[in-house]
Structure formats: structure tokens, C-alpha cells
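One chain is shown next in C-alpha cells, namely the form predicted on its own.
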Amino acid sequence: MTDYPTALGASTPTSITLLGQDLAADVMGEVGFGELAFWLATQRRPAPGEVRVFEAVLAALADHGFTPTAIVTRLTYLSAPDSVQGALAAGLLGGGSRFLGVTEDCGRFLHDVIAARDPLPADEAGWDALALETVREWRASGRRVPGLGHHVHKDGDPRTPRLFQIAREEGLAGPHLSLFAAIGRVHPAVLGRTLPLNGAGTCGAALADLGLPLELLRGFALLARTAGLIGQLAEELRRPVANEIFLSVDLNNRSIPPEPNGGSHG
């Protein structure tokens, strides 16, 4: 008979275990949700400092107002109020390269640079040199450096310095944050303009420094945004705007002739 071993949740008629702990006695009321999420992903209980950095990341990513993910959640709920799960899923499915996905993209980018460098820089000057080399290489290949720039916070994302501060206070500002900070210092010399280090990118660097799986970094962003989308639905119940958003498009659309082959892009 085949068995399916797991270190996560398991049940018997009289007990439930989770991560080797008695769920009712040792987890419920004893372990915070952020701590549990970290523990589930790594299968090791995080230290208090790790929990603080991790939960700061979750708070930073929870809600950004009327982003496309929030709007589509509200609109889906307007269309199918019997399907809260559908509304939440619709918002989460929009977590991609422009919204939320930057957390994973930046973490992977920084990790790839660091993994190819041995030994790692020993001081700020060394990190600056590596960052300068990296930004030049990415610009020469026509790629955008993940985590640089923000459509609203053009003079600085307020989440970024706070995340750096918390990581440093907990002794958890590692190589990913060091490289990202250096990119913030040197990129104007290459790009000819100054762009902010955005909060989503900083979150990716912080999560990578915590040793969390790179393959799951977007998952943590989605975990945070789930709470935000529940908040969006709760506000939609109190102060609905989805029907206005729908009508603003529906009543202001303009009919135009068909454009064969998608029209001209020249």
C-alpha cells in the first residue's frame, strides 16, 4: 500500500498535527499567522527577528488602493456576488510582472547575480562595483533592472527605507539587500536619471535574505495581497464603487470601424 509522507498537516480521529506540533494545544493561540506561514514554507520555526522582517514584507504588500488587482476583485464580486472565492481568485490572477510579480523578479535577479560571484564583496565599495557592472550589463542587453522605478513614488518609495531599517535592526540585511542598495546608489551613473528602489523589489530582496525559496516569492506576495483583497471586498460591501466603475466604461464606450489585422502599428 502506498503512503504519502508529509511534515505538514495530518489527522487522526482524536488529534490534528501540524509541523510535528499538536495543532490545538501548541499552535492555535500560540503561533501568529505570519510565523506559521514562514514555518510552513521552510519547515523550521523562524526566530523572532525573521518573523518581524517577514511580517513587515506582508504588510508592505497587502494593499495599494485601486490597483488592477483590486478593481478586478470588486468587479468580479459585482458580477458574481455569490462567489467570494471567484472575486479573490480574479484579483490574485493579476499578480504578474507589473503588480506583485516584481517581488519574485527582483529576488531572482539579485540571487542570480550573487550566485555567480565568489567571493562576495566585503564592503560598500565592492557592492557598488558589482552593482555598476550589473546595471551596465542589463542596460546593454536592453533589459530593465527589476525593482527600479515606481509609477507613483517617483521621488522615493516610503516602504523601502523602512524595510532596510527593520532588516538591519534584526541583523538580517544580507547580500540581496546589500546588492539592491548598491544598485540604488550607482544606477544614475548608467541610466542618466535617478529611479527609486520600489517597495516590491525591496520585499523580494528581504525575502531572499531570509532564505525563503525563490520559487515561492510571488506566493508570499499573493498571501499578503489576499488580505488586502478581502479588505477591498469588505469596503465594497460598505461603500460600493464597482458599479460606478463598470458604468463609467459601459456608458462612455465609442464605436469605431473594425481594424483588420489589428490596425497599423507603424
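Just count from 1 along the sequence shown to find any residue number. For the two forms, the rigid core is made up of the largest set of C-alpha atoms that agree within 1.5 Å on superposition. The structure displayed is predicted, hence computed values, not measured ones.
Here the subject shifts to the form predicted in complex with another copy of the chain, a form of this protein not shown in this document.
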Is W138 near another copy of the chain? Define near as a heavy atom within 4.5 Å, in the predicted bound form. no
Answer with yes or no whether D128 is in contact with another copy of the chain in the predicted bound form, where contact means some heavy atom within 4.5 Å. no
Quick one: is G149 in contact with another copy of the chain in the predicted bound form, heavy atoms, 4.5 Å cut-off? no
Going by a heavy atom distance of 4.5 Å, is H176 a contact of another copy of the chain in the predicted bound form? yes
Triplet A47, R143 and A189 all within 4.5 Å of another copy of the chain in the predicted bound form via a heavy atom: no
Which residues in 33-70 have a heavy atom within 4.5 Å of another copy of the chain in the predicted bound form? F33, G34, L36, A37, L40, A41, T42, Q43, R44, R52, E55, A56, L58, A59, A60, A62, D63, H64, G65, F66, T67, P68, T69
Please state whether I256 has a C-alpha shift of 2 Å or more between this form and the one not shown, with the rigid core used for the fit. yes
